[in-house]
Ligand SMILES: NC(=O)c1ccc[n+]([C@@H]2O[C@H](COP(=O)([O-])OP(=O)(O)OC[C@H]3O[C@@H](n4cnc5c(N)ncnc54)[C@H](OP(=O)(O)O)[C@@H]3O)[C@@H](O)[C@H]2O)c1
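Only one chain is shown below, in structure tokens, and it's the form predicted on its own.
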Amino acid sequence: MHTVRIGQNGEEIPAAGLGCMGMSGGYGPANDTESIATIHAALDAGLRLIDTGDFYGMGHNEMLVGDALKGGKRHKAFLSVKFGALHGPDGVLMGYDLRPAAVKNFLTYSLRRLRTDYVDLYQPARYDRTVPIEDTLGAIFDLRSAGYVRHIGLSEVSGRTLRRVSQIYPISALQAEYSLFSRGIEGEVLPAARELKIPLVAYGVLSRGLISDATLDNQVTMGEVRARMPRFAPSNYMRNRALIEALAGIAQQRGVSIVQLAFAWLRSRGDDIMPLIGARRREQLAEALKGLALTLSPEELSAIEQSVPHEAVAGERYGPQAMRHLDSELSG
């Protein structure tokens, strides 16, 4: 696997990572033992980027990752942590808090749960419009200067925001949703990142499991996350399922799964893109890695894009409340 340069110090890491959110519920039950084995398998396969968030499972995900990295494995991992989301005891999202004092408080708890004294990449999960983003990044910069954070990241910001803050702080990576079903960043965000030489960490490659053989087999369980996703609403789901059926024909012709086709397509979008593999089990990880090893022909890429035109995807990627927090959905 090729590598991607992270930050101004020239550190290079393999151009893919493991997204751990699903290991803490949201997409249905997960098994901690299998989740830890999947993290170990990712490291053994040469991946380094391990992506988590302090609000995944209300801290459970960080504790799980911390357990997985015991016994000398921490040095193998490049730990990426998102922060800022506020939830009530019932799990309902209440907003975001990116005040400088809150930033430092969030990291203090993350370090304890992860059983480490630093994280490699620290980034606000969303844009808090009540706090200047420069103030939030200033707090991360202070933490970086003190040795608790190695790199500053951003998630789901617009091209305009990325250009502005990059003039003040060194941004090492940008995380955003990117898939055959979510291509909005191609207009403004991805060009800005490339102009600034900031690699893109792409999550949601399978659109929460929608882009998969499981959709055609009617084996996609809703879970608490998918139940809130407009693309899984009954009227939208059947329209999107038809797009998956079209992909299935191309995958069958190539002799691969729909999942592998989706990862191969994203791999074709550029060497500066780092797909996150949202696996809960080792077989899911292995399937995605095989997809990333595929090279699609120009004819196959053309057939894929004709089968799944972006304007044909039914439903927004989040519900109305969550969409309001996506600075990346604004032009510029």
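The first residue of the shown sequence is 1; numbering continues from there. Because the structure is a prediction, the values reported are computed rather than measured.
Form predicted in complex with the ligand: not shown, discussed below.
A.B. asks: Is it the case that Arg280, even though its partner is missing from this view, gets within 4.5 Å of the ligand in the predicted complex, heavy atoms only?
C.D. replies: Judged by the heavy-atom cut-off of 4.5 Å, Arg280 is in contact with the ligand in the predicted complex.
A.B. asks: Please run the contact check for Asp54 against the ligand in the predicted complex: heavy atoms, 4.5 angstroms, yes or no?
C.D. replies: Contact check for Asp54: no, nothing within 4.5 Å of the ligand in the predicted complex.
A.B. asks: In the predicted complex, does Pro100 have a heavy atom within 4.5 Å of the ligand?
C.D. replies: Pro100 lies outside the contact set for the ligand.
A.B. asks: Is it the case that Arg126, even though its partner is missing from this view, gets within 4.5 Å of the ligand in the predicted complex, heavy atoms only?
C.D. replies: Heavy-atom contact with the ligand at 4.5 Å: present for Arg126.
A.B. asks: Quick check for you: of 197-205, 142-150, 128-136, 237-245, which stretch puts a non-hydrogen atom within 4.5 Å of the ligand in the predicted complex?
C.D. replies: Heavy-atom contact with the partner occurs in 197-205.
A.B. asks: Assess the spot marked by Gly22, Val259 and Gln284: is the ligand within 4.5 Å of a heavy atom from every one of these residues in the predicted complex?
C.D. replies: Yes, all three are in contact.
A.B. asks: Between the options Arg226, Arg163, Arg113, Arg74, which residue brings a heavy atom to within 4.5 Å of the ligand in the predicted complex?
C.D. replies: Residue within 4.5 Å of the partner: Arg226.
A.B. asks: Considering Ile39, Leu47, Leu276, Leu266, which brings a non-hydrogen atom within 4.5 Å of the ligand in the predicted complex?
C.D. replies: Among Ile39, Leu47, Leu276, Leu266, a heavy atom within 4.5 Å of the ligand in the predicted complex occurs only for Leu276.
A.B. asks: Going by the ligand in the predicted complex, which residues of 96-111 come within 4.5 Å of it through any heavy atom?
C.D. replies: Residues within 4.5 Å: none.
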